[in-house]
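First comes one chain, alone, set out as structure tokens in the form predicted on its own.
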Amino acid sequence: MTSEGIASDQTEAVLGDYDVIIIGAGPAGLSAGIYASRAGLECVILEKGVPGGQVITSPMIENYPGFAEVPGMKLMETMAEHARRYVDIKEGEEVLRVRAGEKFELGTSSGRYTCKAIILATGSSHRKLGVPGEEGMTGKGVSYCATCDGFFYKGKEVVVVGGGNTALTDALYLVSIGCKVTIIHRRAEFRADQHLQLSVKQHKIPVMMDTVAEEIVEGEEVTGIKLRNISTGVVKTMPVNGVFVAVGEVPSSQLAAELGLEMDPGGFITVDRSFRTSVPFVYAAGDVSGGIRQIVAAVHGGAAAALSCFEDLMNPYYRKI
């Protein structure tokens, strides 16, 4: 482990020394906290905002086992309440810097923490279109998760904006549950894998190439989307009930970069099957590690990362790495 490039103020108060510090209190971080604490590790969860992550913005969750239908906020409140039985969650405690040495040092606006291991559960954020109406209509017709919200648009007109694997997968999923789908893509060709492009053709999903979203028509709910053809400059408004945005994710991997972790070209942290990263005693789970970005997958990743951490800290041979 290296300590180059990361400065810390040794005069800062040490607010706590732990076996493992979990950064982020979304589904992955909360799950990691429960499993780490139950394994006997001294741990804390540091969360820059409030527990829940992106899930709290979802009006309704219908694909999390055990909850046929539950608001995202309610689901995460339940998870956080459960986690607090085992582990302290420090809200509003953003980790601003991290240094690897004999122990890890984490600097926050409040002071300094030290630990033997770190679990990064910092999540990711959806890349936005940045057009008028998008923010105001989020949760009211604008969605970033087809598998989360698609059911509400069965039999309705929707568009999927994007041209990569996620966009085409979302379109195929929405068609499979009975939505009337059109794909909007700003380029002349898709970037998605060929088998997905073939599936779109086989399902006869309408596609509008060389087209960009200019505005989402606001009301009590989405009523339409204003589109502009890049080649002709023609602008038209398409009546729709839903807009599914699939133009990419931005992982919150700044701390991973400071630690020198291996990441893929998109900035997602590379992990093995046990959620170990390229640096010993650093683990990553949830959206920041890529993969299937679903709540159930994040919960699994958090639990697995915590158990891997426990195994490594208890292994005297691994400890010498």
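What you see is a predicted model; the values in this text were computed from it and never measured. Residue numbers here begin at 1 and follow the sequence given.
Beyond the structure shown, there is the form predicted in complex with another copy of the chain, which is absent from this document and is the topic of what follows.
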- Message: Taking another copy of the chain in the model of the complex, would Y35, F67 and S199 all count as contacting it (heavy atom within 4.5 Å)?
- Response: yes
- Note on the structure: As a check of understanding, the residue in V98, V142, L172, A213 with any heavy atom within 4.5 Å of another copy of the chain in the model of the complex should be identified as L172
- Query: Since the chain is shown here on its own, which stretch among 219-227, 78-86, 156-164, 180-188 would lie within 4.5 Å of another copy of the chain in the model of the complex, judged by heavy atoms?
  - Reply: 78-86
- Query: Is there any non-hydrogen atom of G290 lying within 4.5 Å of another copy of the chain in the model of the complex?
  - Reply: yes
- Just to confirm, S231 within 4.5 Å of another copy of the chain in the model of the complex by heavy atoms? no
- Item | Partner proximity in the model of the complex: V271 to another copy of the chain, non-hydrogen atom cutoff 4.5 Å | yes
- Task: Please run the contact check for E258 against another copy of the chain in the model of the complex: heavy atoms, 4.5 angstroms, yes or no?
- Result: no
- Task: Note that another copy of the chain is not shown here; using its position in the model of the complex, name the residues of 283-310 with a heavy atom within 4.5 Å of it, in sequence order.
- Result: S289, G290, G291, I292, Q294, V296, A297, V299, H300, A303, A304, L307, F310
